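Single chain ahead, written as C-alpha coordinates, the form predicted alone.
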Amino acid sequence: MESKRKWAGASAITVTLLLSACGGGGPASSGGDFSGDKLVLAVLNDQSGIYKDASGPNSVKAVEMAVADYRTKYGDQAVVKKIEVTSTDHQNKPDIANTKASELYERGGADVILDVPTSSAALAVATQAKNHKKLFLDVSAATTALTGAQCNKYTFQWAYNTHLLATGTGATVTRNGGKKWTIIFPDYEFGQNMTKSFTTAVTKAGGTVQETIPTPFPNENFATFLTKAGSSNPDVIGTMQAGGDLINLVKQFNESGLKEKGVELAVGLMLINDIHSLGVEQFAGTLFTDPWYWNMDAEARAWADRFLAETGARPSFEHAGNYSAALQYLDAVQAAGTDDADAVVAKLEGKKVNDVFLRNGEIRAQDHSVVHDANLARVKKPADVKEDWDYEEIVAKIPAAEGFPPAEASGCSMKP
(Lines give C-alpha, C1' and ligand atoms only; values in the text may rest on other atoms or scores of the structure.)
Protein backbone atom coordinates (compact mmCIF):
# COMPACT_ATOMS: atom_id res chain seq x y z
CA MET A 1 0.00 0.00 0.00
CA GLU A 2 1.43 3.37 -1.00
CA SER A 3 0.32 6.95 -0.71
CA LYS A 4 2.03 10.11 -1.95
CA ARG A 5 1.72 13.62 -0.66
CA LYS A 6 3.59 16.93 -0.79
CA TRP A 7 5.19 18.44 2.28
CA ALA A 8 5.46 22.10 1.36
CA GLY A 9 7.69 23.02 4.28
CA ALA A 10 10.60 21.01 2.90
CA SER A 11 9.55 20.70 -0.76
CA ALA A 12 9.57 16.95 -0.16
CA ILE A 13 7.91 14.03 -1.86
CA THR A 14 6.88 11.39 0.66
CA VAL A 15 6.25 7.74 -0.05
CA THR A 16 4.69 5.79 2.81
CA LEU A 17 5.33 2.06 2.92
CA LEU A 18 3.22 -0.06 5.24
CA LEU A 19 4.62 -3.42 6.29
CA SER A 20 2.10 -6.09 5.43
CA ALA A 21 1.60 -9.21 7.45
CA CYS A 22 3.45 -12.35 6.36
CA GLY A 23 1.86 -14.52 9.00
CA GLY A 24 -1.33 -14.87 10.95
CA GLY A 25 -0.18 -12.53 13.70
CA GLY A 26 -0.17 -9.38 11.53
CA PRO A 27 2.36 -6.56 11.54
CA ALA A 28 4.27 -5.64 14.65
CA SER A 29 3.06 -2.45 16.27
CA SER A 30 5.37 0.57 16.31
CA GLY A 31 4.21 1.39 19.82
CA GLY A 32 5.91 3.92 22.03
CA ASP A 33 9.44 3.01 20.86
CA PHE A 34 9.08 5.09 17.69
CA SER A 35 8.58 8.83 17.53
CA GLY A 36 5.32 9.51 15.71
CA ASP A 37 4.70 5.77 15.48
CA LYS A 38 6.67 5.66 12.23
CA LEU A 39 10.17 5.75 10.77
CA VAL A 40 11.16 8.53 8.35
CA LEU A 41 14.12 8.17 5.96
CA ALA A 42 14.87 11.47 4.21
CA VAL A 43 16.96 11.61 1.04
CA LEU A 44 18.50 15.06 0.60
CA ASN A 45 20.31 15.52 -2.70
CA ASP A 46 20.52 17.17 -6.11
CA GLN A 47 17.24 16.46 -7.90
CA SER A 48 17.72 18.78 -10.87
CA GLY A 49 21.35 19.89 -11.30
CA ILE A 50 24.76 18.53 -12.26
CA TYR A 51 24.62 15.56 -9.83
CA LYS A 52 21.07 14.52 -10.71
CA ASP A 53 22.10 11.47 -12.76
CA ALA A 54 24.83 10.28 -10.41
CA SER A 55 22.47 10.29 -7.44
CA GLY A 56 19.24 12.31 -7.61
CA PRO A 57 15.81 10.65 -7.92
CA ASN A 58 17.30 7.20 -8.46
CA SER A 59 18.91 7.31 -5.02
CA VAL A 60 15.41 7.74 -3.64
CA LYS A 61 14.40 4.62 -5.55
CA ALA A 62 17.40 2.77 -4.08
CA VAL A 63 16.29 3.69 -0.55
CA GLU A 64 12.75 2.54 -1.36
CA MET A 65 14.22 -0.78 -2.54
CA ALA A 66 15.99 -1.11 0.82
CA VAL A 67 12.71 -0.52 2.65
CA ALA A 68 11.02 -3.17 0.53
CA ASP A 69 13.82 -5.65 1.28
CA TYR A 70 13.58 -4.89 4.99
CA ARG A 71 9.86 -5.64 4.77
CA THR A 72 10.54 -8.93 2.97
CA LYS A 73 13.28 -9.93 5.41
CA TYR A 74 11.37 -9.33 8.66
CA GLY A 75 7.71 -9.56 7.65
CA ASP A 76 5.45 -9.50 10.70
CA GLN A 77 8.52 -9.50 12.97
CA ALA A 78 9.44 -5.98 11.85
CA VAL A 79 9.62 -3.64 14.83
CA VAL A 80 8.11 -0.73 12.91
CA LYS A 81 4.98 -0.86 10.76
CA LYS A 82 5.00 2.48 8.97
CA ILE A 83 8.08 3.70 7.08
CA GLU A 84 8.20 6.90 5.04
CA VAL A 85 10.81 7.82 2.43
CA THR A 86 11.00 11.53 1.64
CA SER A 87 13.09 13.38 -0.94
CA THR A 88 14.23 16.99 -0.99
CA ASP A 89 16.36 18.99 -3.45
CA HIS A 90 19.26 20.92 -1.88
CA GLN A 91 20.38 22.38 -5.25
CA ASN A 92 24.04 21.74 -4.28
CA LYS A 93 23.95 24.82 -2.05
CA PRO A 94 25.16 24.54 1.56
CA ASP A 95 22.79 27.22 2.84
CA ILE A 96 19.79 25.44 1.35
CA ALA A 97 21.06 22.08 2.61
CA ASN A 98 21.42 23.56 6.08
CA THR A 99 17.86 24.92 6.08
CA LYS A 100 16.33 21.78 4.58
CA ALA A 101 18.14 19.49 7.04
CA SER A 102 16.85 21.52 9.97
CA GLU A 103 13.31 21.40 8.54
CA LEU A 104 13.54 17.66 7.91
CA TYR A 105 14.65 16.90 11.46
CA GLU A 106 12.29 19.36 13.18
CA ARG A 107 9.14 19.45 11.05
CA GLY A 108 9.52 16.50 8.71
CA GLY A 109 10.12 14.02 11.51
CA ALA A 110 13.22 12.61 9.79
CA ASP A 111 14.97 9.92 11.82
CA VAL A 112 17.85 9.82 9.33
CA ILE A 113 19.05 11.89 6.38
CA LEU A 114 20.82 10.06 3.55
CA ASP A 115 22.98 10.87 0.52
CA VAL A 116 23.81 14.65 0.30
CA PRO A 117 26.25 15.19 -2.57
CA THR A 118 28.41 18.35 -2.51
CA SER A 119 30.83 18.33 0.40
CA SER A 120 30.05 21.83 1.64
CA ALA A 121 26.37 20.86 1.80
CA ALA A 122 27.19 17.62 3.61
CA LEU A 123 29.21 19.47 6.26
CA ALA A 124 26.20 21.73 6.88
CA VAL A 125 23.93 18.69 7.27
CA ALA A 126 26.44 17.04 9.63
CA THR A 127 26.23 20.10 11.87
CA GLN A 128 22.44 19.86 11.90
CA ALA A 129 22.65 16.14 12.71
CA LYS A 130 24.90 16.91 15.64
CA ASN A 131 22.65 19.72 16.88
CA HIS A 132 19.45 17.67 16.57
CA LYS A 133 21.03 14.39 17.73
CA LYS A 134 19.67 12.63 14.65
CA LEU A 135 21.47 10.42 12.17
CA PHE A 136 23.08 11.48 8.90
CA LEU A 137 24.43 8.78 6.58
CA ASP A 138 26.57 10.54 4.00
CA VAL A 139 26.88 8.62 0.75
CA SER A 140 27.77 11.06 -2.04
CA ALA A 141 30.04 13.65 -0.40
CA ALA A 142 33.75 12.83 -0.26
CA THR A 143 35.43 15.33 2.05
CA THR A 144 37.53 13.69 4.76
CA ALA A 145 36.43 16.43 7.16
CA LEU A 146 33.22 14.45 7.80
CA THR A 147 35.23 11.75 9.55
CA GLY A 148 38.07 14.05 10.54
CA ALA A 149 38.07 17.46 12.16
CA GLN A 150 34.28 17.86 11.83
CA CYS A 151 33.21 14.34 12.77
CA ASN A 152 30.38 13.81 15.25
CA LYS A 153 28.50 10.97 16.91
CA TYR A 154 25.53 11.08 14.54
CA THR A 155 27.31 11.31 11.17
CA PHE A 156 28.65 8.35 9.16
CA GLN A 157 30.52 8.49 5.83
CA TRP A 158 29.29 5.47 3.93
CA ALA A 159 30.74 5.12 0.44
CA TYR A 160 34.09 6.81 -0.17
CA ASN A 161 36.32 9.78 0.52
CA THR A 162 38.99 11.80 -1.25
CA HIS A 163 41.76 9.71 0.31
CA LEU A 164 40.39 6.58 -1.39
CA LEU A 165 40.19 8.31 -4.79
CA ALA A 166 43.70 9.71 -4.52
CA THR A 167 45.23 6.47 -3.26
CA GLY A 168 43.80 4.57 -6.22
CA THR A 169 44.09 6.99 -9.13
CA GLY A 170 46.70 9.55 -8.13
CA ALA A 171 49.30 7.11 -6.89
CA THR A 172 48.82 4.64 -9.77
CA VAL A 173 49.03 7.22 -12.56
CA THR A 174 52.19 8.67 -10.96
CA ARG A 175 53.84 5.27 -10.62
CA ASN A 176 52.97 4.59 -14.26
CA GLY A 177 55.06 7.56 -15.38
CA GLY A 178 52.88 10.65 -14.91
CA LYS A 179 55.31 12.52 -12.67
CA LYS A 180 54.46 16.18 -13.34
CA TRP A 181 50.87 17.14 -12.46
CA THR A 182 48.70 20.20 -12.83
CA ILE A 183 45.37 19.99 -11.00
CA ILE A 184 42.16 21.77 -12.04
CA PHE A 185 39.62 21.81 -9.23
CA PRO A 186 36.21 23.29 -8.37
CA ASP A 187 36.79 25.95 -5.77
CA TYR A 188 34.72 24.64 -2.86
CA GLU A 189 35.16 22.07 -0.09
CA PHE A 190 35.16 18.95 -2.29
CA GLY A 191 37.60 20.31 -4.85
CA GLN A 192 39.90 21.73 -2.20
CA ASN A 193 39.91 18.47 -0.25
CA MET A 194 40.47 16.44 -3.43
CA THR A 195 43.43 18.64 -4.38
CA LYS A 196 44.98 18.17 -0.96
CA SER A 197 44.51 14.37 -1.05
CA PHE A 198 45.81 14.02 -4.61
CA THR A 199 48.82 16.23 -3.90
CA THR A 200 49.72 14.00 -0.96
CA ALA A 201 49.27 10.79 -2.98
CA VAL A 202 51.19 12.06 -6.03
CA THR A 203 54.06 13.34 -3.91
CA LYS A 204 54.25 10.11 -1.93
CA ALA A 205 54.41 8.16 -5.20
CA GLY A 206 57.37 10.22 -6.42
CA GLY A 207 55.64 12.92 -8.45
CA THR A 208 55.11 16.65 -8.11
CA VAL A 209 52.06 18.89 -8.37
CA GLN A 210 53.47 21.95 -10.05
CA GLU A 211 50.27 24.00 -10.21
CA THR A 212 46.70 23.97 -8.91
CA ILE A 213 44.02 25.93 -10.77
CA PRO A 214 40.68 26.75 -9.11
CA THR A 215 37.49 27.07 -11.19
CA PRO A 216 33.99 28.29 -10.36
CA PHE A 217 31.39 25.74 -9.27
CA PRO A 218 29.33 24.86 -11.20
CA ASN A 219 30.95 25.81 -14.51
CA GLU A 220 30.48 25.17 -18.22
CA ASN A 221 33.49 26.68 -20.00
CA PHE A 222 36.88 25.22 -19.05
CA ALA A 223 38.86 26.32 -22.14
CA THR A 224 40.82 29.07 -20.37
CA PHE A 225 41.68 26.80 -17.44
CA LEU A 226 42.84 23.98 -19.73
CA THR A 227 45.02 26.39 -21.72
CA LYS A 228 46.62 27.61 -18.50
CA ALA A 229 47.13 24.05 -17.28
CA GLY A 230 48.79 23.01 -20.54
CA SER A 231 51.17 25.98 -20.53
CA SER A 232 53.28 24.39 -17.76
CA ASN A 233 53.90 21.25 -19.90
CA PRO A 234 52.59 18.71 -17.39
CA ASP A 235 52.60 14.95 -17.90
CA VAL A 236 49.15 14.83 -16.31
CA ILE A 237 46.25 17.22 -15.89
CA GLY A 238 44.21 16.04 -12.94
CA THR A 239 40.57 17.11 -13.00
CA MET A 240 38.74 17.14 -9.69
CA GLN A 241 35.39 18.07 -11.24
CA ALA A 242 32.42 15.71 -11.05
CA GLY A 243 29.04 15.17 -12.66
CA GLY A 244 28.05 17.67 -15.33
CA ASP A 245 31.20 19.74 -14.77
CA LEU A 246 33.38 16.69 -15.43
CA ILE A 247 31.51 15.93 -18.65
CA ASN A 248 32.05 19.50 -19.88
CA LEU A 249 35.73 19.49 -18.97
CA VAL A 250 36.48 16.11 -20.58
CA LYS A 251 34.77 17.11 -23.81
CA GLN A 252 36.75 20.34 -23.95
CA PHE A 253 40.02 18.57 -23.07
CA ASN A 254 39.49 16.17 -25.96
CA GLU A 255 38.97 19.15 -28.28
CA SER A 256 41.94 21.15 -26.94
CA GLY A 257 44.79 19.29 -28.64
CA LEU A 258 46.47 18.57 -25.30
CA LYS A 259 46.02 14.82 -25.69
CA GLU A 260 47.86 14.93 -29.00
CA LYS A 261 50.73 16.67 -27.22
CA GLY A 262 51.06 13.72 -24.86
CA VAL A 263 49.23 15.15 -21.86
CA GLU A 264 47.22 12.55 -19.91
CA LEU A 265 43.93 13.46 -18.26
CA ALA A 266 43.48 11.88 -14.81
CA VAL A 267 39.94 11.93 -13.45
CA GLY A 268 39.55 12.27 -9.70
CA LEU A 269 35.91 11.19 -9.46
CA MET A 270 33.95 9.51 -12.22
CA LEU A 271 30.68 7.58 -12.16
CA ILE A 272 29.16 5.20 -14.67
CA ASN A 273 26.57 7.86 -15.54
CA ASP A 274 29.31 10.25 -16.71
CA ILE A 275 30.61 7.67 -19.18
CA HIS A 276 27.09 6.86 -20.36
CA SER A 277 26.23 10.52 -20.86
CA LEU A 278 29.30 11.63 -22.86
CA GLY A 279 30.09 8.32 -24.56
CA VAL A 280 32.63 5.62 -23.85
CA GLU A 281 34.87 6.80 -26.70
CA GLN A 282 35.44 10.11 -24.87
CA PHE A 283 36.81 8.33 -21.79
CA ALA A 284 38.37 5.21 -23.35
CA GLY A 285 41.51 4.12 -21.49
CA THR A 286 40.95 6.44 -18.54
CA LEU A 287 42.08 4.95 -15.23
CA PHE A 288 39.99 5.83 -12.18
CA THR A 289 38.85 4.63 -8.77
CA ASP A 290 35.35 3.19 -8.47
CA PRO A 291 34.09 2.22 -5.00
CA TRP A 292 31.60 -0.20 -6.60
CA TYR A 293 30.70 -1.33 -10.11
CA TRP A 294 27.38 -2.83 -11.11
CA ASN A 295 28.95 -5.65 -13.16
CA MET A 296 31.89 -6.48 -10.87
CA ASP A 297 30.40 -9.82 -9.77
CA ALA A 298 27.19 -11.86 -9.77
CA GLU A 299 25.80 -10.34 -6.57
CA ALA A 300 26.26 -6.78 -7.78
CA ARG A 301 24.77 -7.60 -11.18
CA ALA A 302 21.71 -9.28 -9.69
CA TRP A 303 20.89 -6.15 -7.68
CA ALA A 304 21.69 -3.96 -10.69
CA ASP A 305 19.19 -5.96 -12.74
CA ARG A 306 16.50 -5.18 -10.16
CA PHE A 307 17.51 -1.52 -10.21
CA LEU A 308 17.37 -1.44 -14.02
CA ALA A 309 13.85 -2.87 -13.94
CA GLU A 310 12.81 -0.11 -11.49
CA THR A 311 14.57 2.86 -13.11
CA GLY A 312 15.57 2.02 -16.68
CA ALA A 313 19.24 2.68 -15.85
CA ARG A 314 22.17 0.87 -14.31
CA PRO A 315 23.15 2.07 -10.81
CA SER A 316 26.13 4.22 -9.96
CA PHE A 317 28.09 3.46 -6.80
CA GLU A 318 26.14 6.25 -5.12
CA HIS A 319 22.84 4.51 -5.84
CA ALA A 320 24.18 1.23 -4.44
CA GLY A 321 25.65 3.08 -1.47
CA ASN A 322 22.29 4.62 -0.61
CA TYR A 323 20.66 1.19 -0.76
CA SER A 324 23.32 -0.23 1.57
CA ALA A 325 23.16 2.68 4.02
CA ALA A 326 19.36 2.51 4.23
CA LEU A 327 19.30 -1.26 4.65
CA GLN A 328 21.98 -1.30 7.34
CA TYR A 329 20.18 1.55 9.13
CA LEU A 330 16.94 -0.43 9.10
CA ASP A 331 18.74 -3.53 10.39
CA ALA A 332 20.18 -1.42 13.23
CA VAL A 333 16.70 -0.10 14.05
CA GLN A 334 15.42 -3.67 14.08
CA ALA A 335 18.20 -4.74 16.45
CA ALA A 336 17.67 -1.72 18.72
CA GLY A 337 13.86 -2.03 18.71
CA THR A 338 13.58 1.75 18.52
CA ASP A 339 14.38 4.79 16.38
CA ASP A 340 16.25 6.41 19.29
CA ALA A 341 19.38 7.77 17.62
CA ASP A 342 21.81 6.84 20.39
CA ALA A 343 20.51 3.25 20.46
CA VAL A 344 20.78 2.94 16.67
CA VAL A 345 24.30 4.41 16.62
CA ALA A 346 25.34 1.81 19.20
CA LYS A 347 24.13 -0.96 16.88
CA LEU A 348 25.98 0.49 13.88
CA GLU A 349 29.33 1.22 15.50
CA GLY A 350 31.93 -1.49 14.95
CA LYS A 351 29.65 -3.63 12.79
CA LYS A 352 31.31 -5.79 10.13
CA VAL A 353 29.27 -5.75 6.93
CA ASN A 354 29.20 -7.63 3.65
CA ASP A 355 26.27 -6.63 1.47
CA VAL A 356 25.58 -5.70 -2.15
CA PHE A 357 27.70 -2.55 -1.83
CA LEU A 358 30.10 -3.12 1.07
CA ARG A 359 32.71 -5.84 0.60
CA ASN A 360 34.92 -6.50 3.60
CA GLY A 361 33.12 -3.56 5.20
CA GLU A 362 33.41 -2.18 8.70
CA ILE A 363 31.54 0.73 10.28
CA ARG A 364 34.39 2.13 12.35
CA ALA A 365 33.40 3.31 15.80
CA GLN A 366 36.38 5.64 16.16
CA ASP A 367 35.57 8.04 13.31
CA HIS A 368 32.38 6.65 11.68
CA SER A 369 34.18 6.02 8.40
CA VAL A 370 32.65 3.01 6.65
CA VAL A 371 35.70 1.28 5.16
CA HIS A 372 35.49 -1.38 2.47
CA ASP A 373 37.25 -2.80 -0.57
CA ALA A 374 37.10 -0.72 -3.77
CA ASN A 375 38.18 -1.02 -7.41
CA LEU A 376 40.80 0.47 -9.67
CA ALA A 377 39.07 0.55 -13.05
CA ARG A 378 39.78 1.48 -16.65
CA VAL A 379 37.22 2.64 -19.19
CA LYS A 380 36.90 0.10 -21.99
CA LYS A 381 37.53 0.83 -25.65
CA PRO A 382 34.26 1.02 -27.61
CA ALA A 383 35.06 -2.27 -29.40
CA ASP A 384 35.29 -4.06 -26.03
CA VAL A 385 31.85 -2.98 -24.80
CA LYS A 386 29.56 -6.00 -25.08
CA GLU A 387 26.37 -4.52 -23.64
CA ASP A 388 24.92 -1.15 -22.72
CA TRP A 389 26.41 0.34 -19.53
CA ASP A 390 29.24 -2.23 -19.36
CA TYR A 391 31.98 0.36 -19.67
CA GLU A 392 34.52 -0.66 -17.05
CA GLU A 393 37.34 -3.16 -16.77
CA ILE A 394 38.36 -3.87 -13.17
CA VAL A 395 42.16 -3.58 -13.13
CA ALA A 396 42.76 -4.28 -9.43
CA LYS A 397 41.09 -4.43 -6.06
CA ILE A 398 41.93 -1.76 -3.50
CA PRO A 399 41.77 -3.40 -0.06
CA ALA A 400 39.97 -1.42 2.63
CA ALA A 401 43.16 -1.13 4.69
CA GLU A 402 44.94 0.59 1.77
CA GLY A 403 42.12 2.74 0.47
CA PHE A 404 41.11 4.40 3.73
CA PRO A 405 43.40 6.11 6.24
CA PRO A 406 43.68 4.46 9.66
CA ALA A 407 41.28 5.79 12.27
CA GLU A 408 44.10 7.23 14.38
CA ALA A 409 45.18 9.38 11.41
CA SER A 410 41.74 10.80 10.73
CA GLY A 411 41.90 13.68 13.19
CA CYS A 412 38.48 12.79 14.58
CA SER A 413 37.65 13.51 18.19
CA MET A 414 34.27 11.84 18.52
CA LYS A 415 31.83 14.01 20.44
CA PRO A 416 28.02 13.92 20.57
Partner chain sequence: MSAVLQYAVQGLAAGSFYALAALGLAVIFGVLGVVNFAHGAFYMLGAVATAVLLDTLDLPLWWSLLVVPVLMFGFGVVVERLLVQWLLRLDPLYNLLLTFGLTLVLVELVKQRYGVSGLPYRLPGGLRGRVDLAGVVLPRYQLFVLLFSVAVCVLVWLVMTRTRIGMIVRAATEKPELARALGINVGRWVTPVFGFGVALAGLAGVLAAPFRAITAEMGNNFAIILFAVVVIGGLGSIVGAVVAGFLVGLVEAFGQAYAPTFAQILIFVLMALVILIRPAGLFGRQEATA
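Keep in mind the model is a prediction, meaning the values are calculated, not measured. Positions refer to the first chain, counted from 1.
Although it is not shown, the form predicted in complex with its partner chain is what the next lines describe.
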Can you pick out, from 102, 210, 248, 338, the residue that has a heavy atom within 4.5 Å of its partner chain in the model of the complex?
248
Consider the chain as shown here, without its partner, and state which of 94, 148, 75, 214 has a heavy atom within 4.5 Å of its partner chain in the model of the complex.
214
Can you check 112-120, 219-227, 291-299, 150-158 and let me know which stretch has heavy atoms within 4.5 Å of its partner chain in the model of the complex?
219-227
Does its partner chain come within 4.5 Å of any heavy atom of residue 367 in the model of the complex?
no
Do residue 354 and its partner chain come within 4.5 Å of each other in the model of the complex, heavy atoms counted?
no
Using the partner position in the model of the complex, report whether residue 106 sits within 4.5 Å of its partner chain, counting heavy atoms only.
no
Contact with its partner chain in the model of the complex for residue 50, defined as at least one heavy atom pair within 4.5 Å: yes or no?
yes
Which residues within 348-366 place at least one heavy atom within 4.5 Å of its partner chain in the model of the complex?
none
Comparison of CA distance in the model of the complex with shown form for residue 188, residue 42, at least 3 Å
farther
